[in-house]
Structures are given as structure tokens and as C-alpha cells.
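The chain that follows stands alone, in the form predicted alone, written as C-alpha cells.
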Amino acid sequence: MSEPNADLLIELVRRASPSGHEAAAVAFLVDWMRAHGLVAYVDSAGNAIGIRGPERARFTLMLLGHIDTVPGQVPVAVRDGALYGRGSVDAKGSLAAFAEAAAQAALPDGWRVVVAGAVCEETDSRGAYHIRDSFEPDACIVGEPSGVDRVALGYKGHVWFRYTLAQAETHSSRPEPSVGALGAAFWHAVLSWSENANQGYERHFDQVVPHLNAINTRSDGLEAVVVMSISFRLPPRLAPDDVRAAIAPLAAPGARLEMDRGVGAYLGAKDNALVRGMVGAIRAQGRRPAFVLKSGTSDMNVVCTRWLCPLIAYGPGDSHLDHTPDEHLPLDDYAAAIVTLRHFIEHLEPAAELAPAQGTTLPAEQRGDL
């Protein structure tokens, strides 16, 4: 077994790639994959794609990471055995580990591995939508920081709304509520609805969580306007349209409520060969595997709407460091993730044993207490 090193990861983190500006990092990763035995290219959406294995292989393992980051510069440095830098945890650590493992592994007969570095995961996920429509894998691991001994089985959904209310300007001595007060009243009604909707659901993953992103008022002396940005983290039992139907009646007369974008939650099963394979790979490194459900969203929420294969998320790092000025990844964890992923790839079962996905974004008539 070759000794993994962090050169790929360090150089990838050094190439800043906030969403929409990933080209330099994509080009570097594609060049690296070509130099390490993968057929690699930049697709029409700007994603980095690398493929190893027979073109007409019966089975495909998708290793789907993302190469973009949120904005903000974190000085790149290696200190005390950890790599500091924007994207080290979220999620270039996972993506680089995917590429290293795919390049090093001895592929089982009948399998090919696709490494995908998707663009714009932190914004509109257009890279993942393109990948979703371009491949039909038999199994998929999404690259997100779960910790080297944990497998993520699901992600909450997410939906955004824009609330706008305009009314004629009045003197502050009048008893009528201002647009700002009406906006605040709508927000409090949303909080009350969320609290009621969460009755009986103790687990955080099963709760709807509202967030007031922004509230602003303006006036030209004749008309006053309030604009609010509101988002919700969603459990599997609620789809974005369910939330819109629930909160629309809470809006003040004349208000406009627009749903910007949304994705449903995904909850996968523990009992399939993909999960068993990853659990076995973690145990093979002398670690105790565990499962986790994530309160954020990922490209898993996008691809699950079309891919019926089993899905999990895995990658090194502490997700609590995502998007923070202290983002850093212990390099020992990065190396351990590569070894674990390589073991997983080398022990892939026939795709017939993987079984269809046991979790998905469920239609309304099938949603229940998961």
C-alpha cells in the first residue's frame, strides 16, 4: 500500500474556489487525476470528473464531492499536524481523499469508479444537477465531513422564502401597525407554526427549524416596504411545498410570499451492502463505526431525486468547523480516510447485492414518522 500524503489536499486548498469561481481548482484536480491514472476532464457545467476502470464496466461507484467553498479567506498553513484553510473540512478533504483512494485502489472486476468535484454546492448545486443527469451509478458516497469513523445516512431538506409587504406610508402617531411590525408578526406566526409542527418529535433530525436570515424596511416617503428572507431546515416528513402551504395563510393581506428554491430531506437505510461495506472498512482500521444524521443539506439531497442507488456520506473532518474562520483538518484523519476508502473500494460487492436505495425524498402520501 502506498503511503498517502497531503500534497494533493494542500495544493487544492491553496487554490481558492468560492462558488462560481472554481476554475483554477478544477483544472488542478483534473491535471492531478490524469497524472495518476484516471481519465479526467472538465464537464460542460465546470465540474471536475475523473474515471478509473473499464469504460463499459457493469457497475459504477460514484464518489461525489464538491470543490467550491463559501467565501472568506482562511490563511493556508500546516500547524500541529492540521491543515488550516478555507475548504479543508468543507469539503476538499473529502474530495481529495476520494481522488487518492480511487487512484490507489485495486478495482474489483466489473467496477469503475467516478470521482466528481461538483461546483456551486454552497449555492444552487448546479454542478450536482448536471452530474445527476449524466450518470447512473450503482452506489454513491457523497463527500462531506462525517468524521473518519462515522457514516452519514441522511440530510435534512432546506427551503428559502422571500416575504414582501408594501403599504402606504402613515404618520407614526397613527394606530395602524408599520410594515416592520407586520413583518415581525409574520415571523412570530412562523415560529408558532413550527413549534406546533414539532410536537411529538424529539429528535432534532425530525424537527422543522425556521431561520430569519434578514429583515429590512425602506420608505420613499409615500410607500413603506418590508422584505424578509426566511429559510427552513426540513425533516423527511415535510417537503418544501408543504411548508409553503402551511405558512402562506399566515401572511398579512397583500403580502407576497415567494419560494426561492428548495430540496427535500433524504434518509437512507442501514441495511444495504454500501453501508455494510463502509462499516467494514472502518472496522478494518481498528475504529468503531457509528451513524449520524446531518442537520444541514448536501448534494445528496439533489441526486437522491433521480438516483435510486444506495447513498451515504463520508469524509474526514469535524463539520462544526464548516464555514468558520478556524476551519482546519487533522492530516492524520485525512490519511485514515484515504485508507478506509481504499479498503472499501477494494472490497466492493457485486451491484446486485447493493439493493435499491432504502431512503429517498418521499411523496406526500408516503411520508410519515421516519
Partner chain sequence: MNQVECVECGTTVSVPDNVMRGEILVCQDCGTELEVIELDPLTVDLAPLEMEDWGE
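Since the structure is predicted, the reported quantities are computational estimates derived from the model, not experimental observations. Numbering follows the first chain given and starts at 1.
What comes next is about the form predicted in complex with its partner chain, which does not appear here.
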Does its partner chain come within 4.5 Å of any heavy atom of R237 in the predicted bound form? no
Is L107 a contact residue for its partner chain in the predicted bound form, using a 4.5 Å heavy atom cut-off? no
Original post:
Is L212 close enough to touch its partner chain in the predicted bound form, meaning at least one heavy atom pair within 4.5 Å?
Top reply: no
4.5 Å heavy atom contact, H320 and its partner chain in the predicted bound form
yes
From Y201, Y129, W160, F291: within 4.5 Å of its partner chain in the predicted bound form by heavy atoms is F291
Taking Y155, K270 and T297 as the candidate spot, are all three within 4.5 angstroms of its partner chain in the predicted bound form by heavy atoms? yes
Exactly one listed stretch (257 to 265, 239 to 247, 72 to 80, 116 to 124) reaches within 4.5 angstroms of its partner chain in the predicted bound form by non-hydrogen atoms, and it is 116 to 124
Residues in 258 to 284 that come within 4.5 Å of its partner chain in the predicted bound form by at least one heavy atom, in order, are K270, D271, R276, V279, R283
